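Have a look below at one chain only, the form predicted alone, in structure tokens format.
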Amino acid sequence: MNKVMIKATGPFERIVHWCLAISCLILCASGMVMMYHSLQGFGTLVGGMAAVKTIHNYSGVFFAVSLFLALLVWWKEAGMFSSPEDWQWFKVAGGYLWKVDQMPEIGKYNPGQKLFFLTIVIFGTGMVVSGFFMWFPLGYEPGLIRFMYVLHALGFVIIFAFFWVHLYLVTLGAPGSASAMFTGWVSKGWARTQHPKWLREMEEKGTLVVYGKKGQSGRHC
């Protein structure tokens, strides 16, 4: 490894991220197969539409558990916006749409990531609650169940749209960030550019873990 890398995420954080992502993708795919007649042919791949519904329901349980763990892991750092740096970041669109000479001082998660996290939390919770009523509708007013279907569809539209934005930002929008969730390491240069406040705080606290030179792996700075 030639670059100087710094530790950005731990194993548990990455496991929670991928559990949430995979369950979300399975839910979106199986939900679309159930929603659109033109896609129901894909149901034969897993044994028919009854199997698709079973996969969807139990993936929802997996998603609910993953969402709860995500709240425990990220709420403190990504659950609230910081002033004034986060609002300054929004004013320059994070530097994604035009060249910005001096980016605002951003912590470990930029406001775009925080917005995506809060969207998943709010609409994901709505999906879990509405999904429960749709799974067990007996004993509830028909009007309530119909409202839950609308809420479920709205949650799907919002989360699915944000998923593509998230995918763009971690690949083309901010190259170098995806490695945080694959290996747990990011380059120090990338952190200095994208999240200077987070890097400076780790250096000041002595919690920065650096890797990149032979014989100097995993040292604290």
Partner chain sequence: MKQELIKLIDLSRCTACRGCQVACKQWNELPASETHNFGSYQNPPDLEWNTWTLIRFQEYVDAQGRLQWLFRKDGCMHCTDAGCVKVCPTQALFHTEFGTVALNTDKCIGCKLCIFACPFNVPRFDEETKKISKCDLCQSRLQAGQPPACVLSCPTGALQIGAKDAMLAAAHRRVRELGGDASVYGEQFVEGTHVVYVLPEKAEVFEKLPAKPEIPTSIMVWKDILKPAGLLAAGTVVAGAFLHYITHGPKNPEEEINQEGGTQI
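Numbering follows the first chain given and starts at 1. Here the structure is a predicted model, which is why all the values come from computation and not from measurement.
The form predicted in complex with its partner chain is left out here; the points below concern that form.
*Asks:* If we define contact as a non-hydrogen atom of the residue within 4.5 angstroms of the partner, is G124 a contact of its partner chain in the predicted bound form?
*Replies:* No - in the predicted bound form, heavy atoms of G124 and its partner chain never come within 4.5 Å of each other.
*Asks:* According to a 4.5 angstroms non-hydrogen atom cut-off, is G43 in contact with its partner chain in the predicted bound form?
*Replies:* Flag for G43 set to no.
*Asks:* How about P142: is it within 4.5 Å of its partner chain in the predicted bound form, going by heavy atoms?
*Replies:* Contact with its partner chain, yes.
*Asks:* Examine M80 and determine whether its closest non-hydrogen atom to its partner chain in the predicted bound form is within 4.5 angstroms.
*Replies:* Contact with its partner chain, no.
*Asks:* I have G107, P111 and V170 flagged as a candidate spot, so tell me whether each of them has a non-hydrogen atom within 4.5 Å of its partner chain in the predicted bound form.
*Replies:* Looking in the predicted bound form, the three residues G107, P111 and V170 all stay beyond 4.5 Å of its partner chain (heavy atoms).
*Asks:* Based on heavy atom distances of at most 4.5 Å to its partner chain in the predicted bound form, which listed stretch, 80-88, 111-119, 96-104, 67-75, is the contact stretch?
*Replies:* Careful reading of the contacts points to 96-104.
*Asks:* Its partner chain isn't shown here, but in the predicted bound form which of A29, I55, V61, M49 has a heavy atom within 4.5 Å of it?
*Replies:* After the contact test, the surviving option is M49.
*Asks:* Heavy atom within 4.5 Å of its partner chain in the predicted bound form: which residues of 149-169 meet that condition, in order?
*Replies:* Going through 149-169 in order - heavy atoms within 4.5 Å of its partner chain in the predicted bound form - the hits are Y149, V150, A153, L154, F156, V157, F160, A161, W164, V165, Y168.
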